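Just the one chain here, the form predicted alone, laid out as C-alpha cells.
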C-alpha cells in the first residue's frame, strides 16, 4: 500500500523526523540560508521548544515542517517525515491541505494572518469543518465553544465577532482554538503568546500544558523566550543562523549548557528576584550575508570562547552524551 493511500491512526502520539532540511530566501544580495541542513527528531507526545534570536531560522523551520514556506523562501533539500503520514515534501498538494489543520495544527505569530476579516469567527469554524469533511458541524461548534471557554474567553461573543472586533490577545487565543478544534495530533505554536500580557500568557501556556497531557499532543513551541521553554518544554533545541547549535532535555540543557550561544541566551534572562541589571545581553548581531559566506563557525564573531580552530570550518552537530547534541569545537576539545 502506498503512503498516499494509507489509513492513518491518530489515536496515539505521532512524531516528526527532519532530515537534511534546507530553506533559502532569494534576495537582491543573494541567497540567505534560513535553514541549513537541519536534522531533528521531534519526539511523539512531548513538547519540544525551539529557541533563538530573531532571524535564527526557527519560524522558517516551523513553516517548512508543513511544507508551507512562502516566496521568496524555497525548500531546496531534505525531508519531513510525519509518523503515519509520510514525507510532507512529497505527498500530494491535496493531501497536504487535508493534513494541515486536521493532523497538524499551526498557531501563527500574528493570529490575524490566519483569520478571514470578512467572516465571523463561528462561520470560519464551520468553513474549516466543511473543508475537512466534518460530518457533525454542530458538534464542531460546541467543541470550538468549549475550547474558547477554556482559553478564558466569552465564547458566544467571540463566535459572533469579526476579527477587527477582537483585541490582539483575543485573536491569538482564537488562533490557538483553530489549531486544536479538529483535534490535531501535532501542534506548532509560533510565538503564540507574544501578543498577550504576562498573566494571560501564563494562563494560556497552562492550558496548552493541560491539553498536551489530556490528548497526548506532540507540540513544537517556537519562541525567543527561554523562560517559556524552561517552564513548558520537555526538550530544548537552540538555533543560530539557520543551524542547530545545541539540544537536550530541558533540565540538563539549562543546568549545563554546552554551546556559548546557549549560555549567552540564559545569561540574558532577567531575574524576578535579585538585581535585574545582572542580565547580560549578547554582544554583536545575528548573522548577515557576510557571516554566512565565511567558512568557520557562524557564532565566531560573537563568541567569548572562540579558538583558532573555529575559523577552519563549521563545527559538526553531534551527540556528546545520551540525548544531548552540540556543534562546538571547544566542546570537542573537552571530550
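Source: prediction; values computed, not measured. Residue numbers count along the first chain shown, from 1.
The form predicted together with a small molecule exists for this protein as well; it is not shown, and the discussion that follows is about that form.
Checking 64, 42, 310, 34 against the small molecule in the model of the complex, a heavy atom within 4.5 Å turns up for just one residue: 34. Of the candidates 168, 72, 117, 135, 72 is the one whose heavy atoms come within 4.5 Å of the small molecule in the model of the complex; the others do not.
By the criterion of a heavy atom within 4.5 Å, residue 54 is counted among the residues contacting the small molecule in the model of the complex. With a 4.5 Å cutoff on heavy atoms, residue 25 counts as touching the small molecule in the model of the complex. Heavy atoms of residue 83 never reach within 4.5 Å of the small molecule in the model of the complex, leaving it off the interface. Proximity of residue 191 to the small molecule in the model of the complex: non-hydrogen atoms within 4.5 Å are present.
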